[in-house]
Ligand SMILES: Cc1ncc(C[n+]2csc(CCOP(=O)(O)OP(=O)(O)O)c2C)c(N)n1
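In the form predicted alone, a lone chain appears below as structure tokens.
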Amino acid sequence: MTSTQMTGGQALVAALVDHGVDVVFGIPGTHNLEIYKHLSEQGVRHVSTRHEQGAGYAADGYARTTGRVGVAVVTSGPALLNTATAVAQAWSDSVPVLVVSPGLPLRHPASGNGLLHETRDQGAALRAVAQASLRATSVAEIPTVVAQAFALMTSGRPRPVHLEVPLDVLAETGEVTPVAPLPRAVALPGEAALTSAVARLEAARRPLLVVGGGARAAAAEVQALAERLRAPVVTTTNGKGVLAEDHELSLGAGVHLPAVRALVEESDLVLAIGTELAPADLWFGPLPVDGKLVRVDVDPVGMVTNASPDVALLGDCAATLGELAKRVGHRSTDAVDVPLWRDRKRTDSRREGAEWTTLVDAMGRVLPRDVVLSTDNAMACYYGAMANVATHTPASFLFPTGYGTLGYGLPAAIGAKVGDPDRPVVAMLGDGGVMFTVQELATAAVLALPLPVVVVDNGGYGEIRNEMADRDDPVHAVDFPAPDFAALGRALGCHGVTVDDPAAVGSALEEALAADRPTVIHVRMPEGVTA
């Protein structure tokens, strides 16, 4: 390949472009201007968020819904540390997010000299929450480090990566030779494991598929195998929508519900696909899968996390399921009474979400079939929407499952809408959580996104209020009057409406989906709703 003289900043942007990056989220600062100088000249769109954590969450939402790497560009020190929570969230939920920042100069004195943004070891800080923190030490090295970062994020289990380029290297000029994206190996299980799994699947009389977020890119293969086995499919939160929830074999999401546990107990084989079977999903203890677990995972470490399989299929989910579907015989009748189990599970989810069903049913009646519902760690979302609002495509329910951060839903929705402008996106948050990233309403307003932002107001931190009461602790520090969210939205350039009857949210939601900018829909829950 031809070498070219470039500055470090120019080489960095060129390398991102070589890897297909055409949009980044972030905030410019004194130390990253040499990167920003070259974004527009190389055709990279920049979306300015109002806080670096919002940039990280937006990159996460972009990555989940597009299947591409989401990129955040921030400056050094405090700006980078502001992204740390978003990076940890992405690591927890296996999302490929790249955070790019400047770093201290190559010859920065070991004891420090008071340089602006000086941080003792920002790489170590990010290395603690990301898959890796890489540092380019010359202009010539930049294309290689970028290629390595993308290989780390897209090979095997997706994880976030931090990449820093020292301040002096960003400004230097050097000879640069492009490095093409590295090929991705598609791993398949060994023949013995495949043969064993096929024998177990064909012998099973009541198989069940448990599908996680690792199967988002294997939706067609999940459906094909389920139909071949005539087996029901239940998903984790991150796997919600991998099989359309109106499919005849779908039980929807909510692996923690009692009906799912009972079904697992009655099943004689559980095929777990791309899931950690993690406590963050199961809530009330592990599933009873001893002696009947076949596991598909690209991560050898994850293969034995939380449960050891009887048959381990280590490989890419889509390729592995495709191979299984080719080999197993076709059943002519359902192996399990799916409508019966769907009803039992629905009874559980309606009971669990009782205080929210009026609201989420009203939303569900007007949400488009291809909607992305970007949610927060709020009770209305995990008790109400997760198992009671049907979605039908992979990555259609964005939720901070593993890390449980507050403030995720709004910026992640922005990232999803930027990634696919033609797809309807709705953000749903609690009144406590929205305040963590409420400034991103201004980001969405500048972009003129037709984004409904449903803020469910129960007067504070409802989950923590309940936990305090359950422990007979003093209930304090959890109740606070909510601001006028509709007025707040209007102040930041959005539309704003207030809904006092949760059953009436549908019309507001329909109008917001067709609006010329974001709409904050402030839903004040009835008095007495404490959950």
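Treat the numbers as computed from the prediction; the structure is a model and nothing was measured. Numbers for residues come from their place in the sequence shown, where the first is 1.
If you look for the form predicted in complex with the ligand, you will not find it shown, but the lines that follow are about it.
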Partner-facing stretch of 39-47, 458-466, 65-73, 488-496, counted where any non-hydrogen atom is within 4.5 angstroms of the ligand in the model of the complex: 458-466
Heavy atom within 4.5 Å of the ligand in the model of the complex - the one residue of Val145, Leu406, Ala278, Leu81 that qualifies: Leu406
Partner-contacting position among Val95, Ala378, Val233, Val165 - heavy atom within 4.5 Å of the ligand in the model of the complex: Ala378
Touches the ligand in the model of the complex: Phe436 (any heavy atom, 4.5 Å): yes
Close approach of Glu221 to the ligand in the model of the complex, 4.5 Å, heavy atom: no
Partner proximity in the model of the complex: Asp316 to the ligand, non-hydrogen atom cutoff 4.5 Å: no
4.5 Å heavy atom contact, Gly432 to the ligand in the model of the complex: yes
Interface residues of 249-268 toward the ligand, as seen in the model of the complex [heavy atoms, 4.5 Å]: none
